[in-house]
Ligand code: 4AD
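Given as structure tokens, the chain that follows is alone and in the form predicted alone.
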Amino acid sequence: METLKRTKIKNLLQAEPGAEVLAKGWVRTKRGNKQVKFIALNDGSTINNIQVVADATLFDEELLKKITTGASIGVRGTLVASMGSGQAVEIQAREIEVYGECDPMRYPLQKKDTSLEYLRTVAHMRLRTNTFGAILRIRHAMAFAIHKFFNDKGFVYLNTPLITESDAEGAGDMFQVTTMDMAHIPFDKKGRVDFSKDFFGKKTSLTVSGQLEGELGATAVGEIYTFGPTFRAENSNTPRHLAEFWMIEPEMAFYDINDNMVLAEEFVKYLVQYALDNCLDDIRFLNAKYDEGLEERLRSVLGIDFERVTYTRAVEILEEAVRNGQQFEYPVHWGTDFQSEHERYLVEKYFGKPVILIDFPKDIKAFYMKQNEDGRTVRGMDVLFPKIGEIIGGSEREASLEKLERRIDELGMSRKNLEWYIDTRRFGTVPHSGFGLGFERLLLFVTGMANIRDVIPFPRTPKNAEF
């Protein structure tokens, strides 16, 4: 069988009948009678199965018994025009080899529909389902498209550290990294943990963002982007939060807030268009199974201009909605940080399109955002999408050394770990901007899934770090 080169099922389904072929994959289903068996075979290259037709009289009965749902097999035969509906071609089998048997009584993925909640309990096997095959292929396509977008624009891919002493946003909730023996922690004379005895000689944690280091790259080579894992030790079990997730963070020298908004809008439109162009079979499968409005919603963000709205105007809209009977779980007034329900109201009910919010109160935003002349607001921006809420957060960065130092002091932040960052304002400072896109938030939008744990292969959440 091995003298013939294997062809992936994705390519077989697009091929003309007549050739001798070799297919390998996992059995989705087997049906038939004593004369003929119909085997649905999938190798992960496509959401679609290829049908294998096996004349039962040509094969040993014991071999056919081993061909069960979940078993892996190789099939050699002739690609012929399909007599049934649903596919153009099928394989008329001449040889079948079983690589790995699968006990149908113990196999956790049965033919009947299984809930996403159940699949999270067998996450080591859920990747074999049609749903997660589709999600993994879309995830790959989006990762490739992200690199392609920035590469084609001349950005430099910058690898920022995963282990850091910097809390980029001053929010805490970081996972500590240590090699100290937890049973014999060293203390100094004041009774504090003596981190000088630790591996790095100081307290270090897993990064929450590569932004600050990204700014170093932007002020050296002009335009950079990061794409890597980030970590938040936030004790949250919502469908929107993970403890380990992936972030894309471009930083651009000589970009103001308007340049930043243009890039962010172009970026997400590019990714949505790429998904529709390259993952349509998977999107339509997810559309039919989980979210009937998915394809339409994806297409709705293309060919339109995102609405640009100041935070102050958004508050006025939300307050007016409350006066007219709209109920929100969380109150809203000037100075509050918007919740997902507020963001989705603006996008889905008021404007009916994606929204870019700008000019936020400085007290609810990070220290590094450029201050506006009013002294109350900063040049932050959030891109809001239907069903998701915030999908991108960014800002023009504060380029003034004096204003940055004053803001750090106002917030009572320690400058000990920030002098390297402040140096970018001391030596050749420039106007610059950037933003962060949560990769899994993007995937929620592109796949239509409702829980962020279902768009990452191995979710990390409170009390859950399997594999």
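A residue's number is simply how far along the shown sequence it sits, counting from 1. All values derive from a computational prediction rather than experimental measurement.
We do not show the form predicted together with the named molecule, though everything after this point is about it.
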In the predicted complex, is there a heavy atom of the named molecule that lies within 4.5 Å of any heavy atom of G70, even though the partner is absent here?
no
Residue-level contact is defined here as any heavy atom of the residue lying within 4.5 Å of the named molecule in the predicted complex; does I452 satisfy this criterion?
yes
Does the named molecule get within 4.5 angstroms of any non-hydrogen atom of G394 in the predicted complex?
yes
At the 4.5 Å heavy atom threshold, is C279 in contact with the named molecule in the predicted complex?
no
Pick from 144-152, 327-335, 352-360, 384-392: which stretch has non-hydrogen atoms within 4.5 Å of the named molecule in the predicted complex?
384-392
Check all three, Q211, L242 and R441, heavy atom within 4.5 Å of the named molecule in the predicted complex:
yes
Answer key, the named molecule contact in the predicted complex at 4.5 Å (heavy atoms) among M247, L271, L263, V75: the residue is M247
What is the one choice in R232, K370, R139, R126 with a heavy atom within 4.5 Å of the named molecule in the predicted complex?
R232
